[in-house]
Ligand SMILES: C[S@@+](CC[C@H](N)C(=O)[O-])C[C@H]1O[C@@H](n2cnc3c(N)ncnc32)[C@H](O)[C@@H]1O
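One chain follows as structure tokens, the form predicted alone.
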């Protein structure tokens, strides 16, 4: 991938997302009914409203073939998104069979991620023989498996000593194969870097200087940005980062890292970053039905608070167990409202029957239905927003001397956050083909 390609994709993503800023920058709960009708195309909502539940699920889960979409402008919208989110994938990986104890207590998701990365490095000796480090390694599954069974030298860094102690016990508990790599656990904290001065003074800087290549497998929020900045500052030969939890980022200082992104900026908000974080896994039918029920209950509480009690400052009412959502709304809402100290004494006198009656009314159900359909439209903008953030990071690496790629590494059904930003110094690491 060339620097020009990163810039072009950023520009295309910007042009598309800018048009829909009013939709992705705020949630449906933040708008009045009148304003929602203005910013969400009504022909789209009407089209979705006449679809059977199974087809709504397919649209939300990205299982619906584009040719089956019956509303042309909505079809064009989805088609443009489909084109914008196409990225290169790494070459298919044939995973090795490891001893059973190698993956004891390691989730299927983590096994898939670690072995996929191990095979990727194995296929490229110019990477395999580097001094590697894992940022936020926890108990060290990545370093242990890649070090012991693929002969790579690894340092795993984490701020939680208890996790590292658990990892060391696991490392020493089972027999090691012949010719393992060296594995080291180092306690350390990678701080949030907001300035060049902080970068130069960071105590973690020497750890980066001692290693050739750093991996951040799902670095949370601003940690991903700090990882890339530190790798550049230490002039590492390469870096691989998987971002997650974008909603924890500061929308002012952790976005628009590259010079080019600053020429095509988006007005990011906490709600936009939360939307970028939204899972992109292959949603099952049952999971979809539960989500629909959860949204109905939450929308109804919001509407009741806002319109009946005059309260509009409460956003979250907290999660509940799935079985509570399949029960009646009245008892659920009564329990939730009891947790808040409202100035109005009216809320303390509400009965479950009154709340259930509000929920069951045709007016409330109609509004809930419309808000849900509007959100089905909004949710489709999550992946383009995420790719804007990741493409910006790749452009940032290019501007700082790294040949960079935005690559799909993992199977989405196992690891929804499956896109890695990969950068190498081609003067130090020979040029090779890393993707299909």
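Predicted model only: the values in this text are computed from it and were never measured. Residue numbers count along the first chain shown, from 1.
This protein has a second form, the form predicted in complex with this ligand, left out of what is shown; the following refers to that one.
The closest heavy atom approach of residue 220 to this ligand in the predicted bound form falls within 4.5 Å. A residue is said to contact a partner when one of its heavy atoms sits within 4.5 Å of a partner heavy atom; residue 145 fails this definition for this ligand in the predicted bound form, lying far away.
Under a 4.5 angstroms non-hydrogen atom cutoff, this ligand in the predicted bound form has residue 137 among its neighbouring residues. The shortest heavy atom separation between residue 307 and this ligand in the predicted bound form exceeds 4.5 Å. Picking from 160-168, 353-361, 288-296, 268-276 the stretch near this ligand in the predicted bound form, with a 4.5 Å limit on heavy atoms, gives 160-168. A heavy atom within 4.5 Å of this ligand in the predicted bound form is found for exactly one of 311, 244, 257, 207: 244.
Interface residue among 87, 335, 189, 95, judged by heavy atoms within 4.5 Å of this ligand in the predicted bound form: 189.
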